[in-house]
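The chain below stands alone and is given as structure tokens, in the form predicted on its own.
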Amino acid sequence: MKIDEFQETIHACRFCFMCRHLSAVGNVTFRESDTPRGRALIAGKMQQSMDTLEQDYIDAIFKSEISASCRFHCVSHFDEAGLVIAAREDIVAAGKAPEPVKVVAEQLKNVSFSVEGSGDTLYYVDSYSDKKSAPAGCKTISGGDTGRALQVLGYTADSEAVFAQFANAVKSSGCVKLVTSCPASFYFLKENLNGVEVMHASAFLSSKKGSGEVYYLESDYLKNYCAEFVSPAESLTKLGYSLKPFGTNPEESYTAGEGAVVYDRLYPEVAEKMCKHISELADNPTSDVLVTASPYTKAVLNKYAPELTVKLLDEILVKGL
């Protein structure tokens, strides 16, 4: 089993309560099974027997937002995020994936990547972005997820097949630089796309000086997965914006499931609860400006918490407030 590779994490996390406040799903469902400790206990049950694993336990594994906040802030950095993805792989291999997961996985396998426009830089348009947001002078590539979403869902072989199609399309474009606004895609492509320089849009776009108070909602991928990445929060400060702290502490994830890539398509009712939780934490929902580096986060907040004013970091860098 894949989870056997995470034996140390299973043993450590199932006896630890220290990071339970960092599970964005657990904070809105109030279920112990939706915390790192709960998921580690379920992994232990999986090792005992997959045949008798209850559906509720399986659902809990797939309801994780995989923000990696727990791993990032853990004093020993136990890889709870990696454990969850491994558990999903084992569940998928056993033919026990929940129905919503099967449906979305089939949709994610259906890709058709195409390159349009002219330029020597390629801009990847993910499913939560718009071609209109592509920087001037860039070709665009679109047509589906790069393979990260399938990887996160536990469909490893399918993820590799989709990524191979994406890589071939990139190679055919002739571009040696790829830019994306999607933090999940940035992380995945940095890890897997060889021979091409991969940049997050915040490091590529021209930065416009500005002023005013904003709340920056840190990206799960840029903060918890890409340790070497300079936080856009620092860039906003240097540009002249005044950043106010959001929420109850700087460790929590306020992305509404960005780590899981397509969370709103899997469990929309939980995604809505996470968005409402973020709205409740806002000081003045009708006047505060929330900035996010994730097109996914902006899309789901606009959908489930329309009372909030949410700006994509790209917009701020190009146009200011």
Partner chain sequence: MSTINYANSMLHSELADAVGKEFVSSNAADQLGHSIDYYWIPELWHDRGFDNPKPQFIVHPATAQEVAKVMKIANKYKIPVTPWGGGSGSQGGALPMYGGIILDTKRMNKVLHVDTDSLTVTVETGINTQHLEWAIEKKGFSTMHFPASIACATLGGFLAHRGTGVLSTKYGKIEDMVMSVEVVTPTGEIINTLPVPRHASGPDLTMLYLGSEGTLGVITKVTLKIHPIPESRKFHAFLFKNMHEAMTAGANIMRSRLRACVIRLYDEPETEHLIKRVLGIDKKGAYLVFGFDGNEKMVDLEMEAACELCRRQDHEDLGTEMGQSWWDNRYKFFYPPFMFHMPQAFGTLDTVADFAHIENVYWAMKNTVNENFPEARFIGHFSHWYEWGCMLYARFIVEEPPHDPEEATLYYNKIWDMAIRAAIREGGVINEHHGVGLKLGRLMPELYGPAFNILESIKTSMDPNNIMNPGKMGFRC
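Note that the structure is predicted; figures quoted are calculated from it, not measured. Positions refer to the first chain, counted from 1.
There is also a form predicted in complex with its partner chain; it is not shown, and the following applies to it.
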{"query": "Per-stretch contact check against its partner chain in the predicted bound form, the hit in 89 to 97, 151 to 159, 246 to 254, 108 to 116 (non-hydrogen atom, 4.5 angstroms)", "finding": "246 to 254"}
{"query": "One residue of 299, 312, 16, 308 in contact with its partner chain, assessed in the predicted bound form (non-hydrogen atom, 4.5 angstroms)", "finding": "16"}
{"query": "Residue contact check: residue 267 to its partner chain in the predicted bound form, 4.5 Å heavy atom", "finding": "no"}
{"query": "Exercise: residue 276 in contact with its partner chain in the predicted bound form, heavy atom 4.5 Å", "finding": "no"}
{"query": "Its partner chain contact in the predicted bound form: residue 286, any heavy atom under 4.5 Å", "finding": "no"}
{"query": "Partner contact for residue 60 in the predicted bound form: its partner chain, 4.5 angstroms, heavy atom", "finding": "yes"}
{"query": "Residues in 69 to 89 with any heavy atom within 4.5 Å of its partner chain in the predicted bound form", "finding": "73, 74, 75, 76, 78"}
